[in-house]
Ligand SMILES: NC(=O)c1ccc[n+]([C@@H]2O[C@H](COP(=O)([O-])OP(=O)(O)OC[C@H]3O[C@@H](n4cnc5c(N)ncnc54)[C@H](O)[C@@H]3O)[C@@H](O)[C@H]2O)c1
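Only one chain is shown below, in structure tokens, and it's the form predicted on its own.
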Amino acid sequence: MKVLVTGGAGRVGSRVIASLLARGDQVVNLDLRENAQAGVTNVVGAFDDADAVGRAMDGVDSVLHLGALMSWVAADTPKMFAANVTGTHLLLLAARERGARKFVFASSGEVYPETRPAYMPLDESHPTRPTSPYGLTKLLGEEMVQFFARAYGMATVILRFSHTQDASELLDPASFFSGPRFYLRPRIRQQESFGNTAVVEALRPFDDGTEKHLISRGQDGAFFRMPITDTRDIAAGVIAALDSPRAIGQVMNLGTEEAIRIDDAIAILQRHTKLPAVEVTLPIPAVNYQTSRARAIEILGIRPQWTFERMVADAVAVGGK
């Protein structure tokens, strides 16, 4: 089988490609960066580049559209819509024209209102009310995928990824995702880049120039709480969705059902980092939710294997800390 993987140089895409190659599939990577694994055909280009999409789609049987531009910087919004909305449309058009047999779309838990869910755990029937431009681009992508399924009979699968991390990122304050989530100074730098002055002003008094963990509460006093999923579990779910006939036409949450509170996560990290922690109430709503993985477990037949505590232990073992 010849499979196109978009975003194949990324964290999840790289793992998915490794699994596909290991079982003998041909793999094409469409990304702004090459995937260096032996046997991969790289097409370097943007998702909204029709020429690059056409070259990448040549002879492809199935598409795993995992790539996206993710940003919370206001100035990046036009680029994000070009990559995530226009790009998804071009890929769907090319897949239809070339008769690709399956199109798997990586959406996001940000299509839900993660700061104010109507009920928990969030299942696939929960209203989709994104509160970020990124979440909106993903919801628009879902709508296009479902339109192509209805209008043209395309075999499609939509996977809503939860917050996803490589285990190694959890101990790295410089990590794009984990740094601002778990560490004070990276959170200050991130919020400065977003222009969130009120959040920066709440955090700044706790910064004495040394690294610290950050325990975040929302303006209502609630701790931040979310599912954090290992890239290995996400990649396994993507492969299962590609292979499963029962997945066709489904929308599924993909990720762990374990929603960990930020104070509990920091306590696990502190066993290894030995860093102090500060608790700060931020002038924003807390991200505080849990998702249901029941549909994906029933349809795909696999369960997440990596708890947050196991991820941290693995990071320690690999990093020698």
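One-based numbering along the sequence shown. These numbers were taken from a predicted model, which means no experiment stands behind them.
We do not show the form predicted in complex with the named molecule, though everything after this point is about it.
This chain lacks the partner; the member of 206, 177, 194, 223 within 4.5 angstroms of the named molecule in the predicted bound form by a non-hydrogen atom is 177. In terms of contact with the named molecule in the predicted bound form, the residue from 284, 275, 32, 280 that brings a heavy atom within 4.5 Å is 32. The named molecule in the predicted bound form comes within 4.5 Å of no heavy atom belonging to residue 260.
Residue contact check for residue 162: one or more of its heavy atoms lie within 4.5 Å of the named molecule in the predicted bound form. In the predicted bound form, no heavy atom of residue 255 sits within 4.5 Å of the named molecule.
Using a 4.5 angstroms limit between non-hydrogen atoms, residue 241 is distant from the named molecule in the predicted bound form. Heavy atoms within 4.5 Å of the named molecule in the predicted bound form map, among the stretches 243-251, 162-170, 145-153, 198-206, onto 162-170 alone. Within 4.5 angstroms of the named molecule in the predicted bound form, the stretch 1-28 places a non-hydrogen atom from each of 7, 9, 10, 11, 12, 13, taken in sequence order.
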